[in-house]
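In structure tokens, the next block holds one chain alone, the form predicted on its own.
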Amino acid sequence: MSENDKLTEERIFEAATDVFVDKGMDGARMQDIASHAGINKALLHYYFRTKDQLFNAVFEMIAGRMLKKFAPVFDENLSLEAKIRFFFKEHIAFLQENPKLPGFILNEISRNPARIKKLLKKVHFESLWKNLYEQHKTELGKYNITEATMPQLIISIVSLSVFPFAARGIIEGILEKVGIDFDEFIEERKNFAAEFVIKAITR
């Protein structure tokens, strides 16, 4: 692939991500994506023949970016506590930059769960938490966390950062009533959520 092809593909990915997140898979049109990318529709179809193909590529790109961003979580030299703090800091920061992403993914899961399940099969989550478990087996054993319960721990941790964004409309309204700014709440959550999990598993 030439440098020009790479740049064009990056523009398409960025444009498609914006349009898919804003309008959903069903509401997005290839013409919308082409216009957003500043190219004609024929060129878009040259790179991606169908909307499904483009959606799959965008989903894989987002997953790849997230895994790359959180690579330090799998660094053997970091303690479990440091990894928990790192995750919340970086994951919440990622969601601050992409606040519509959780709602988009939840909507797509609701509309077409089979498509999302098929895409998720390409991401080997089980190997990730097995890797984490092996790195901290002794430490986790002290907290009565086994390999079998690692999914419970991981999903609980992720939910603490995702839920405020997925339910922002409700949470922001509740916080406003008690005089709390949503953005300040989210910034404080980076530390609060980390402390909450660390205390929960080490008590």
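In this text, the rigid core denotes the largest set of C-alpha atoms whose superposition between the two forms falls within 1.5 Å. Don't overthink the numbering: it's just position in the shown sequence, from 1. Note that the structure is a prediction, hence the values are computed from the model and not measured.
Absent from the display: the form predicted together with the DNA. The rest refers to it.
Of the candidate stretches 40-48, 169-177, 65-73, 144-152, only 40-48 contains residues with a heavy atom within 4.5 Å of the DNA in the predicted bound form. Just one of A28, I157, A57, L140 comes within 4.5 Å of the DNA in the predicted bound form, counting any heavy atom, and that one is A28. The Cα shift for A194 between this form and the one not shown, taken after rigid core superposition, is smaller than 2 angstroms. Annotation for D32: C-alpha shift of 2 angstroms or more between this form and the one not shown, rigid core superposed. Once the rigid core is used as the reference frame, the Cα position of V178 differs between this form and the one not shown by less than 2 Å. Between G27 and I170, the Cα spacing is smaller in the predicted bound form than in the shown form, differing by no less than 3 Å.
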